[in-house]
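Starting off, we have a lone chain in the form predicted alone, written out as structure tokens.
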């Protein structure tokens, strides 16, 4: 979720944070159920960033709880991955196939950054965790998580906010603390809280993940987390909260020398449209499709795929309504465009093969239901949906997750939630 989105924070007055700060260990009306979970996503927080920066808070989480290196779904971009974490579905199935796409049902390009698009009926699919939870009697407060500001299947969380980058990370921490003290608008202590930081994505896009410029941002995030974990102790349910700190995707370093412009490469008479991004989407005449694949594959450092012949490991290409019939995937760290003029760039970006380690992220978890000091094997981030369902004690909706990939992180005696 990027800075170009602007909106107004809804339903939670700023004064709640001030009241919480004055109250010491705050009182609040607790939910009947004793399951509580708070999950934070730090956009593009690559797996190796704590090794380069001073992050005592994250280091402490790793020592006292569970740590894993997770990998994203394809494409490794912000909205597809946040919504996969929320639904347990691959983008092909939950409909958010990229941050932007051409939708044949409406006959135009649509963007996750335009509220008029995201509010279109049918834009979102699947059953996001806040709806799964609320339908089964839990309470959810969602702060800026992609998809949470729109009714999906006729439902929303009890409290939600639209994205804006104006509140500081410390202010966002105050929202969560206020919620867990029963000081939000509904007066409930929610079973589920989800919140979001747009960094370090923005700074790494500008400077790249290998730059020293990103270090102050990482350390600022860690200090905001230190503040949060200090303040959250005032919640009357603190001892029963399970915490997760994770991210949607990683980031690769770009170079102006690793740039390919496909303009003029293909016969434009056979091109219906080009959808920019990673992957680069091109809609071509069916009779020209094989020829286009052969031409592109001769270039090097990029690979062309027919929509119906994508690698099985990506689980991508069956959503014919929103995916072009030709997709161009660059090698990790390469830029491919179809533009009127060359626009080589450096800095950083994502959207590459999720199995490239540059795309991998962090997963920290601690609390009464997690093992202590446990290194979990890597897993795909859509399984976070199953983790959340288990922590909340609810039945998952149909999903693409694999319980065996995440079941070992839980403390002895924890069992699998029932699944449909």
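Positions refer to the first chain, counted from 1. Note that this is a predicted model, so its numbers are computed, not measured.
Note that the form predicted in complex with a small molecule isn't included here; everything after this is about it.
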Could you tell me if all three of 167, 195 and 222 have a heavy atom no more than 4.5 Å from the small molecule in the predicted complex?
no
Heavy atom of residue 191 within 4.5 Å of the small molecule in the predicted complex:
no
Taking the small molecule as it sits in the predicted complex, is residue 229 in contact with it (heavy atom to heavy atom, 4.5 Å or less)?
no
Do residue 146 and the small molecule share at least one heavy atom pair within 4.5 Å in the predicted complex?
yes
Determine whether any heavy atom of residue 102 comes within 4.5 Å of a heavy atom of the small molecule in the predicted complex, and answer yes or no.
no
Select from the listed residues 207, 123, 113, 314 the one whose heavy atoms reach within 4.5 Å of the small molecule in the predicted complex.
113
Partner-contacting position among 174, 183, 201, 92 - heavy atom within 4.5 Å of the small molecule in the predicted complex
201
Select, from the options 76-84, 212-220, 289-297, 230-238, the stretch whose residues sit within 4.5 angstroms of the small molecule in the predicted complex by heavy atom distance.
76-84
